[in-house]
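What follows is one chain in structure tokens, specifically the form predicted on its own.
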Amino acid sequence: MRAGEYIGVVGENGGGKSTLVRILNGLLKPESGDVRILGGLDPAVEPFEVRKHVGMLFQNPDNGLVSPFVEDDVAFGLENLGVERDEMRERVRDAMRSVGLEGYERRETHTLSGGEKQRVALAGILAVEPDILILDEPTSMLDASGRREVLERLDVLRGKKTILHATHHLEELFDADRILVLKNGELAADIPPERLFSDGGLMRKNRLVAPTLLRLAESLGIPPRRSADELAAEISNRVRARTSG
């Protein structure tokens, strides 16, 4: 991974996505081979050192919450690291602002929506200032509104953090720099998103389902685009032209 890259990880259920991200964060040990992060850190041997530099956002937002109030939850990781109180307050404030949670400081976490809970968990990770963010299907348990909330906040982080995003929602990866396709625990492809989406054989071989936006574009004869917004705009223009014609 290069600094600032946004990398997607996809594959059928059981293909190895969650196993990979947990190995990278030291939650699992590899059965074979070696893993090195940030120039030499071994997650299997130095998991706590690795977690100072690698933050992980899990599927279930409730699993990422440990305190009754939002600001206390965001500060939890900093307290464990022994960060000085004034610096902690500043980093918590900045992290909450970055995910759009200003004014939520004394909100009780159990009263939040799924999307808000996931943003609290993300703020807690960002407060620790990791170099790498690992996302293990972070929107899979959220409704459409919650997914949109989280994805909008992740989009702001593009280029600022190195991000590895495992998901079965391929539409979340339109703007990724590249996508890793896993099959039976092995790397089947390392490819830009537009090439993956336009390769029907590769998609079928790895049991990947094209996003609805792409299927609609294909039915209109529109090739894949780098940006989902660009593709949506072209679809809208094509449909408008047909309707007005």
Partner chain sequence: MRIEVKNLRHVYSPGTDFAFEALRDVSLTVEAGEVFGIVGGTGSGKSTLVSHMNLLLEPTSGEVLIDGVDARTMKKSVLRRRVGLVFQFPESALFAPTVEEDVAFGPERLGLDEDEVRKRVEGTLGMLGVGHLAPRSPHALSGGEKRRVAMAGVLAMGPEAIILDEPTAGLDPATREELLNVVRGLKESGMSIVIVSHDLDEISEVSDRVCLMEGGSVKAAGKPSDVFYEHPENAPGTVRVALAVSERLFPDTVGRPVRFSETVEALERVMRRNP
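Rigid core (definition): largest C-alpha set, two forms, superposition within 1.5 Å. If you're wondering where the values come from, they're calculated on a predicted model, not measured in any experiment. Residue numbers count along the first chain shown, from 1.
There is also a form predicted in complex with the partner chain; it is not shown, and the following applies to it.
In the model of the complex, the partner chain stays beyond 4.5 Å of every heavy atom belonging to M1. Within 4.5 Å of any heavy atom of the partner chain in the model of the complex lies no heavy atom of L202.
Heavy atoms of D143 reach within 4.5 Å of the partner chain in the model of the complex, making it an interface residue.
The partner chain is not drawn, but in the model of the complex it has no heavy atom within 4.5 Å of K160. Shown without its partner, this chain lists L216, V66, A44, A188 as candidates; in the model of the complex, only L216 has a non-hydrogen atom within 4.5 angstroms of the partner chain. From the list 45-53, 202-210, 28-36, 174-182, the contact stretch for the partner chain in the model of the complex under a 4.5 Å heavy atom rule is 202-210.
In the model of the complex, the partner chain lies within 4.5 angstroms of a heavy atom of only one residue of 150-168, namely H168. In this overlay on the rigid core, Q118 has a C-alpha that sits 2 Å or more away from its partner position between the shown form and the other one. V99: CA moves 2 Å or more between the shown form and the other one after rigid-core fitting. Once both forms are fitted on their rigid core, the CA atom of Q59 lies 2 Å or more apart between the shown form and the other one. Panel note: the distance between the CA atoms of G103 and S140 is smaller in the model of the complex than in this form, the difference being 3 Å or more. CA of F197 to CA of R238: farther apart by 3 Å or more in the model of the complex than in the shown form.
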